[in-house]
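Two forms, one chain: they're shown below as structure tokens, one block per form, named structure 1 and structure 2.
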Structure 1
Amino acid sequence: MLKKLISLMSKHPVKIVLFTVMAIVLLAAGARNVQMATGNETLVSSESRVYIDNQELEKEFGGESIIIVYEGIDDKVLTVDRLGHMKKLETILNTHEEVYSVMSPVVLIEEMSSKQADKYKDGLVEVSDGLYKMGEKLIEIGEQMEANASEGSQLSSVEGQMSELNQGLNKMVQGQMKLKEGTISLVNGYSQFGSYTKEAGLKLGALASKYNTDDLQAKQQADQINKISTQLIQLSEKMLQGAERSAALPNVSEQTIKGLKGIESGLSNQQRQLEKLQAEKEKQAKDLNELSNGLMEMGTKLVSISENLTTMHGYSDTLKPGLPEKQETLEHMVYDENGKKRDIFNEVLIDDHTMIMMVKFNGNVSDGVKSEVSQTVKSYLNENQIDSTEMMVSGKPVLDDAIRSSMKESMQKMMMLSILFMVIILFFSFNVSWRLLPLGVILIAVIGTVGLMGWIQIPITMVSMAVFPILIGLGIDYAIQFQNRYSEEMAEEEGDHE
């Protein structure tokens, strides 16, 4: 084996060098595929229970979160401007497929306003229904009123009875007159008159009961009529009593006539009032008519309003929920009547000066995507600064991203330093010609190794970035040992041994 190698190497050294260089170039091409990994799969075996559980969790409920903090430096953080700023960022983030969910005051407020819009829409339907019903009712009432007004029957019948009554009374007075003139059949005449009077009183009482007691005026009239009726009945009783006591009392007729005249004048007074009332009623009826017309018109209008509302509801996308434009509205949404923050905002509105936005990734998203999204957020925040607001983006993915980028930086720095130190050390401690050759060789080996890692998909982790200095340090040993022995043999020209 070794013999073959030696003969091959002494015969075709140039070919071997070229072949090796070619192989390294091929390997190095794999460097494009090298990945930097900081994820869970670098910490725990992907077959372990713990890892699988975590993957399940991320699958169902999303993975890591980026958190964006807004801090109002000298005022309350919750302003319409800042919400608008958040909303824009949210729109950008939602275009990323790998973003699982975004939680922020914006989301909650939008949800609230969309709920309110729904309620508003529901309310609209109710209002339109209600208006429709009311309109119809009004029309109905109007019609009824109109009908009632044109009738006015009750009053006219009362009037008729009144004049009957008057005639009755006139008859009574005339009777009384007759009574005065005739004295012979006093007793008979008196008792006859008495019974007439009683009849009239009872009639009046009946009339009074016909009055609508709801109407104040009518009630008053009814009362008066009742009074008169009672008086008449009392009078009739007295007359009957007088008739019994015969003609012993000559002035009775006079008194009776007087009394009757009083009643008569009372009645005609009553009739005048009734006439007045009638006029008023007529005016009322006119008013009622007008009112009923008005009501009917209003009813028709309400029905048409209700129809319009129904149409409006049909095109309800004109009532798009959105962010409030007024600070007042916004605060009204977030704080209740007592100025206390609504519980639902607890998670995103930390205190008056601090609010956050949580951007959760899908489960098991690659590091590249996380970096991309956190860069997007960072550059958005940089480009869209708001006055007196401090904004910061943080969270595990952002930290990991920072670790990855400083890993790259650190690796470059370490490589350079390692090479520099080795040049110095080789120069002083390795006393052979071409003493820097091992370093060159080992660098080629490192390049080859990186390429090979890309080909066979071994990622660079926080641990393995230490590989390069170690590799340079350990790998160079082989080259040094080879070159040392070779140089030793070359130097032994005097041949003290062998």
Structure 2
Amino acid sequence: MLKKLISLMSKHPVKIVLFTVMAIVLLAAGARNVQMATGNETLVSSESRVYIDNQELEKEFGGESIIIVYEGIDDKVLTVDRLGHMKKLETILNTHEEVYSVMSPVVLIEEMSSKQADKYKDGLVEVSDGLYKMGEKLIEIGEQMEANASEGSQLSSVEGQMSELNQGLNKMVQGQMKLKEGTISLVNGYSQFGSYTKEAGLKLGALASKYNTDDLQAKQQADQINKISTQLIQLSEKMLQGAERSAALPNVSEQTIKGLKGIESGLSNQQRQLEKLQAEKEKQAKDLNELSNGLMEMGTKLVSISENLTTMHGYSDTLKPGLPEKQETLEHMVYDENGKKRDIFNEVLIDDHTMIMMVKFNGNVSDGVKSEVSQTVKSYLNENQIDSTEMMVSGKPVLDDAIRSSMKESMQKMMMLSILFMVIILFFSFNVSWRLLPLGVILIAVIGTVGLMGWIQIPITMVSMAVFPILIGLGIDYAIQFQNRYSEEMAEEEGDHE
């Protein structure tokens, strides 16, 4: 086999070199796929029960977590500025699809703020409805009061009627007074007329006695005159009796006048009281009108406010919950009325000087993603320092990333120092032509090995790292021996030809 290979190389040296170069380039291309792994698969078999169960657990409940610690030297670490610092970092982390969740005081406070916003919206609706009902009720009461105030005008009509009645009574008094005067004149007329009639009767009687009773015609005239005289006397007596009877009529009128004046006086008093009451009613009506107008105006404004609140509720999606801007508001959300920290903050607010943020990955996330997120967190903390605050990043992903970085740096240093020492040793102790050729060969072998690991998905672990020193140590020895033997064989062939 070796002889065939040597024969093939001797017959087609150029093709063999080109094939070798192509193979090296192809293998070197796989080096970009090589990853440095520090996960569980580097410690236990990926087919073991423990490893599989752990993968299922991470798939359901998330994987490893990064812990970011904020430690303040002042009285209280939870301040508005530090909360805003956490919020910016959380916003950046949430852009990573592989971040399962972020737990921090920011999340808890935003959740509380969200619930408060929901309560605010519900309260807004209740207040709006209450104000609308109150406004309608006030308008209704105002209208009723205005109607009641208008009823006071009925008193004015009653007052007018009483005034007319009083005027009627006054006219009745005047009529009674005239009746009194007429009655007195009637009584006096009766009396005078009776006296005159009696006197006329008596004169007629005296005249009749002067007639000659012997003369029949005279006697008849005397009888007629006596008869008329008697009738006049009887009439005069009746007139006198009528005068006596009518003498009480003026007293009746007087009493009637007194009664009417009493009624008139009573009506006047009632009218004055009614006028006073009317004045009070007018004042009350005026006050009622002003009050009803005020109530209706207030009701109208309440209805308007209710409509505005309804409009605000319609646009309530703009009322986004957010972080508090005042330290007092923040402390009110974190601590209860007794100054005791609320239980939901126990996991993220350790004490007055320390609080943490936990960034949890999705299950079975690659080390590369964990390293990327870890570097994102570190870069943010370095670029956004906070006065009087120390910020630390910890957790297994961060530790693994540090181990991988350390492994990479160690490998680079090891390779550089190895190459340097080999160059020195080969240059001074290997006395042949192309004395650095073994180093080139071993570097090609290393590149080919790394590229092959990349193509077949074998990561570099803390265990596999030991392969490279062994590869370099053994490879350089064999390469030196191979080249030395090749040089000796070439020297012997040159001697035989001489």
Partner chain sequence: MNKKPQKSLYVTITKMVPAVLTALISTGLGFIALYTSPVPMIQDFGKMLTLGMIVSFIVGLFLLIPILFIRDHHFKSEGNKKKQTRLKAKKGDGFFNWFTKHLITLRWLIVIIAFLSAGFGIWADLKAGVETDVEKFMPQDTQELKDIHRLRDILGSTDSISVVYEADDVSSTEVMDWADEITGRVDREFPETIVESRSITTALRQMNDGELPEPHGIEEKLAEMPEEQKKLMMNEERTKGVITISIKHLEAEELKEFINDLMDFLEAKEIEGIETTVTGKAVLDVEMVTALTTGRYKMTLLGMGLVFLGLLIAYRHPVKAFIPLLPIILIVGWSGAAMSLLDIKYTPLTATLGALIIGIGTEFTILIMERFYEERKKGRNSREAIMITNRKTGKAILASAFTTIGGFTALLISDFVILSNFGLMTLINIFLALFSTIVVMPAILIILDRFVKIRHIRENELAVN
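In this text, the rigid core denotes the largest set of C-alpha atoms whose superposition between the two forms falls within 1.5 Å. Residues are numbered by position in structure 1's sequence, first residue being 1. The model shown is predicted, which means the values in this text are computed figures rather than measured ones.
One of the two isolated chains is the form predicted in complex with the partner chain, namely structure 1. Residue displacement note: G62 has its CA displaced by under 2 Å between structure 1 and structure 2 (rigid core superposed). Once the rigid core is used as the reference frame, the Cα position of G39 differs between structure 1 and structure 2 by less than 2 Å.
Remark: with the core as the superposition reference, the CA shift of I460 between structure 1 and structure 2 stays below 2 Å. For K15, the CA shift between structure 1 and structure 2 after superposing the rigid core equals 6.7 Å.
In the rigid-core superposition between structure 1 and structure 2, residue position V441 carries a C-alpha shift of 3.7 Å. Its Cα shifted by 8.6 Å, V432 is compared between structure 1 and structure 2 on a rigid core fit.
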